[in-house]
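Given as structure tokens, the chain that follows is alone and in the form predicted on its own.
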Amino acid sequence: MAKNKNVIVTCAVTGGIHTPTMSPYLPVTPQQIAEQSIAAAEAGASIIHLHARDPETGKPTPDPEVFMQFLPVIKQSSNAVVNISTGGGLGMTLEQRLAAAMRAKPEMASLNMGSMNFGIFPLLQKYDSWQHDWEPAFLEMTKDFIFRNTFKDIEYVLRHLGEEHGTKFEMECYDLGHLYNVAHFVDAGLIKPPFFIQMIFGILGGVGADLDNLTHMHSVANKLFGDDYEWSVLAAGRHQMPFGSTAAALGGNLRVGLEDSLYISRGELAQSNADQVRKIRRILDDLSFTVATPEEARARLALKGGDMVGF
């Protein structure tokens, strides 16, 4: 891949992993999600990655009606690329996970590239009490949970959301084998360049947050895909900023946001998603990198444009 392109910054605003007890700054209501998304875009994020939550409890929800309370607001107030999760919340069916994206027909959607153990139960040890009864049960169930993304599931998403609606994908790769799963679908003609690989580090059940793993996955991706792809990196928790900075230095892109880390520095909660975007932008500025605009991201990823979505 060519080096020194402008860096595409994705911001994952709320996610489906952290719970309200963990941070008072986690956006939960449609208004909060919209406001934090717009602020993150103003801070320099060109792609906004979105989940939805029940506004009363903060529990992840697949309900398209909830998404439609914030998607049009973000579109009206920002030029950022809207990227809707198809990972949803842990335990949702594929149909539930796809419901909002099929309704909204976004420019981008996430697509998990393999089944895996997905353990967030260690977070139980960090808190003595909970705001909502669903929170500890949600974390506990991941001791015996497989995040299902079979070849049949992936093909279904590629055909019905990708081919039918022109949505392109942030292909989430939690391990080396997931890169080879992408290559399988490239060979089958269901994934066409330019495509966007998101390498994910530090989730229990996936590849660990070791920089050797980052450089190895990047090397393998280069061998598999040559110049046909853009790549990005996210890492959970305290690894967020170091891994993002390293990805930029290697010619890649990066993702920040409260989905991936609740903190802005050691022991200090981020008060907004925009705080994290501003921080990584300061780091990129100091390293003489430039942040890509939404239009640059659209051009490099061959997106259909914000006027072609369903919201």
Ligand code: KMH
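Just so it is clear, the model here is predicted, and its values are computed rather than measured. Numbering starts at 1 and follows the sequence shown.
Separately, the form predicted in complex with the named molecule exists; it is not shown, and the next lines address it.
Participant: What I'd like checked is whether 44, 246 and 281 together line the named molecule in the predicted bound form, meaning each has a non-hydrogen atom within 4.5 Å of it.
Facilitator: Contact check failed for every one of 44, 246 and 281.
Participant: Residue-level question: is residue 203 within 4.5 Å of the named molecule in the predicted bound form, judged on heavy atoms?
Facilitator: Output for residue 203 is yes: heavy atoms within 4.5 Å of the named molecule.
Participant: Might residue 175 be said to contact the named molecule in the predicted bound form, defining contact as any heavy atom within 4.5 Å?
Facilitator: Judged by the heavy-atom cut-off of 4.5 Å, residue 175 is well away from the named molecule in the predicted bound form.
Participant: Is there a heavy atom of residue 85 no more than 4.5 Å from a heavy atom of the named molecule in the predicted bound form?
Facilitator: Yes, residue 85 is a contact residue.
Participant: Look up in the predicted bound form whether residue 110 has a non-hydrogen atom within 4.5 angstroms of the named molecule, and give yes or no.
Facilitator: It does: once the named molecule is placed as it appears in the predicted bound form, residue 110 has a heavy atom within 4.5 Å of it.
Participant: The chain here is shown without the named molecule. Which stretch in 225 to 233, 183 to 191, 111 to 119, 130 to 138 comes within 4.5 angstroms of it in the predicted bound form, by heavy atom distance?
Facilitator: One stretch meets the cut-off, namely 111 to 119.
Participant: Given a 4.5 Å distance limit between heavy atoms, list every residue of 241 to 267 close to the named molecule in the predicted bound form, or none if there are none.
Facilitator: 255, 259, 260 sit within 4.5 Å of the partner.
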